[in-house]
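Below you'll find only one chain, the form predicted on its own, shown as structure tokens.
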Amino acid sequence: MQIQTLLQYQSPLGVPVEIKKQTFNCARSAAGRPVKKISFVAGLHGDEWEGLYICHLLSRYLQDLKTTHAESFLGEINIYPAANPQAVCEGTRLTPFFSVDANRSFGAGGADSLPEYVASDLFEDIRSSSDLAVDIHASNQRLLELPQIRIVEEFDLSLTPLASECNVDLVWVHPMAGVFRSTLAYNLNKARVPALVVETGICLRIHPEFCRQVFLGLVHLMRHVGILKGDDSLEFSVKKPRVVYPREVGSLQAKKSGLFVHQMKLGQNVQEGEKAGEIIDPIQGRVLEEVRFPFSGMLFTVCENPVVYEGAPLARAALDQPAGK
């Protein structure tokens, strides 16, 4: 493994900040045949630690594999385990001092600020180092997510077959929204580098079972695209995910503001009319809303932060029956 300091800059407080990149190469390529390259990126949002742990699992596995089965490497693997180290150290979604979302800083066409300069250089390195990229995220502080891959409809045909090899529970193809235009994955896809977005767990936490599932899926993906050969040290079966489109996703939202006490379980199959929990007013000692599911399906998102407001998402499900039917 080679560790490279990709970028180094001074924070506003004068503290040096370094973005590191790990690279694993095959011993040699077949004569005249280009080497396939894949990149894994985590930590663009500094409070999403699930991705850092997944990169750790990948790095440890690849280091051991290099020692025991060096012939298994058929391509180049690049890992960017903490793409926004300042935010990671602070445990914040936004880059400290600038209050900038690092994953909304790509594709602007200029570099008028330090975060934009960093994003521009990071993007060019990932683009030039990748035939395929995976950007790993966790959910926000309110929602817990099953391991899933999210795809913008524009790239559905090219990305869904790859996403289906990643051992996730769900592949969610969703409509384009303006906010995606400045993300890393969208700009890589526009630059003809297929880029998958993994979403798993919740921010400021690590769920080892979810991370292990995604790690195994990413190993399988590398085998599937011909970057790694299988080895006897890691044999496993791969889940075939459910692929859902906008009409096949149901959302449960709060009708009242209060404390949400739920009885939901991630991955649970629920029925229309089944009780999801209660929204209560602990000050007055009243039940404000008895929450029931307006759909039947598999829960892939549940609300973990009990303080909710009217209109807040409480759960999402892959529907048994698409909406409108």
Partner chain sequence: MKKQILSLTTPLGQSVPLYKNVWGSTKKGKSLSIVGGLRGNQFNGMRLLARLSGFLDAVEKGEAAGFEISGSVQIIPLGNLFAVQSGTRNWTFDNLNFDLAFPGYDQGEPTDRIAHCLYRHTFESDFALAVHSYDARYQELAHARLFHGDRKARKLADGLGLRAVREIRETSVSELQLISQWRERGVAALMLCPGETGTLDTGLCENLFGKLVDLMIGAGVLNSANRTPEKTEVSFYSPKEEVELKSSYAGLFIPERSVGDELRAGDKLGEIRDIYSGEILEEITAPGEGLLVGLRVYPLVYQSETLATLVAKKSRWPFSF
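Owing to the predicted nature of the structure, the values given are computational and were not obtained by experimental measurement. Rigid core here is just the name for the largest C-alpha set that superposes within 1.5 Å across the two forms. Residue numbers count along the first chain shown, from 1.
Just so it is clear, the following notes concern the form predicted together with the partner chain, a form of the same protein that is not shown.
For the candidate set Leu216, Val243, Leu114, Leu74, a heavy atom within 4.5 Å of the partner chain in the predicted bound form is found for exactly one residue, namely Leu114. Gln86 is the sole member of Gln86, Gln148, Ser130, Asn189 with a non-hydrogen atom lying within 4.5 angstroms of the partner chain in the predicted bound form. Of the candidate stretches 270-278, 59-67, 256-264, 37-45, only 256-264 contains residues with a heavy atom within 4.5 Å of the partner chain in the predicted bound form.
The closest heavy atom approach of Glu310 to the partner chain in the predicted bound form falls within 4.5 Å.
When contacts are judged by a 4.5 Å heavy atom cut-off, Val179 counts as touching the partner chain in the predicted bound form. Proximity of Ala108 to the partner chain in the predicted bound form: non-hydrogen atoms within 4.5 Å are present. Although the partner is absent here, Ser99 sits close enough that one of its heavy atoms falls within 4.5 Å of the partner chain in the predicted bound form. If you take 261-296 and check each residue for a heavy atom within 4.5 Å of the partner chain in the predicted bound form, you get Pro282, Ile283, in sequence order. Annotation: Cα of Gly311 displaced by less than 2 Å between the shown form and the other one, core superposition.
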